[in-house]
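Just the one chain here, laid out as structure tokens, in the form predicted on its own.
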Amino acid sequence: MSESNHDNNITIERKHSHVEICLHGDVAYNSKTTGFERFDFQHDALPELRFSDIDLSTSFLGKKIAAPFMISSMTGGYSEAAALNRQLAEASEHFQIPLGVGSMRQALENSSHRESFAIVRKYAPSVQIFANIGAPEIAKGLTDREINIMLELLQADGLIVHLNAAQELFQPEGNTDFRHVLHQLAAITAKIPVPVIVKEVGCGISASAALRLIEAGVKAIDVAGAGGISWQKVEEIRYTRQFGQETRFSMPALEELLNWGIPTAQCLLDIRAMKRDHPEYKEIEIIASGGIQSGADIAKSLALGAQLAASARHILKALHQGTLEKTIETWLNDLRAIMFLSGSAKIEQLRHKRLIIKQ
């Protein structure tokens, strides 16, 4: 077997494993939560509106969307992923909400896997779709041709760059060279015709990191905080399967590392404060993800400074259970209920509602 075929097989195995482990493995944080449970909305006994008149529509990166929710980046790059991405695209189109695809590294390395990504635009012709590539690929430097392949394959409305240092640290074949990410990112934002979004994959983005990203030209930040999937746990499961019970870290440190990260709500609070200190960056849009599992979480995300919320694992589970559209509709109805009880006819009003910190 050639080295390229061997690497390709490893990548396909990894993508298969990621989906299977996220669906069935114990990959949640066990010593941290998202932090949303700390907050309540203040009840409005006089909402002065009709429930049926509540409007969930808003905008994201200059385009109107039907609700402040995004189907987050999941998978692609192997044959079975095409079926998953088709269903996600159909749901995105049905609800008129944005969709991010999984890492497109495989599409750059092997043209035979491009259809598993291209299928998304076929079934979601009118919504925002975002290409996706990892920080290690950015650090090495992408050619103009590689960037164009990703954008043209999806007719993409933007490019997501995911930061996954903790995941790469735990991944058996991980790339932990994160030098020059910011420099290369700035070069990309300066030349591509669509906005760049930077997202974490579950450890959160601090205010100081967000500021550096904004100064590099990033137009939106997906905090992807702790409290949802621990990708360290996903990769530790893969590592254990590959090497038995051997681990590279002491047991006390392992527990801390597997639960490493900034809770999602804290990321939102800190970045909101940073934006207030830097009014020149008020137009930078924030996505809340990392443990989003209801319309209540979406509502709290907006009140904490997010433009919209996003979810991956719970949406993936719903897809495999055959309840994808029902789940999204239920979450949006949760959101409408909170808007009604807080006296918010429109999303912009909800963003300015007071949250009470629980004692």
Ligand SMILES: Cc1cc2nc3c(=O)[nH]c(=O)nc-3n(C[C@H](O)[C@H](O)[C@H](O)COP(=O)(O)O)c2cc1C
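The shown structure was predicted, so the numbers you read here are calculated from the model rather than taken from an experiment. Note that residue numbering follows the sequence shown and begins at 1.
We do not show the form predicted in complex with this ligand, though everything after this point is about it.
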(Q) For a quick test of understanding: in the predicted bound form, does each of 195, 219 and 286 have a heavy atom within 4.5 Å of this ligand? (A) no
Q. Can you check whether residue 261 is within 4.5 Å of this ligand in the predicted bound form, heavy atom basis?
A. no
Q. Is residue 291 close to this ligand in the predicted bound form, meaning a heavy atom pair under 4.5 Å apart or at it?
A. yes
Q.
Whether residue 312 contacts this ligand in the predicted bound form should be assessed with a 4.5 Å heavy atom distance threshold; does it?
A. yes
Q) Quick one: does residue 228 come within 4.5 Å of this ligand in the predicted bound form, counting heavy atoms only? A) yes
Q. Among 119, 181, 74, 153, which has at least one heavy atom within 4.5 Å of this ligand in the predicted bound form?
A. 74
Q | in the predicted bound form, the residue from 103, 85, 92, 232 that sits within 4.5 Å of this ligand by heavy atoms | A | 103
Q. Just one of 277 to 285, 168 to 176, 200 to 208, 186 to 194 has heavy atoms within 4.5 Å of this ligand in the predicted bound form; which?
A. 200 to 208
**Q.** Heavy atom contacts to this ligand in the predicted bound form at 4.5 Å, residues of 19 to 48 in sequence order
**A.** 19, 22
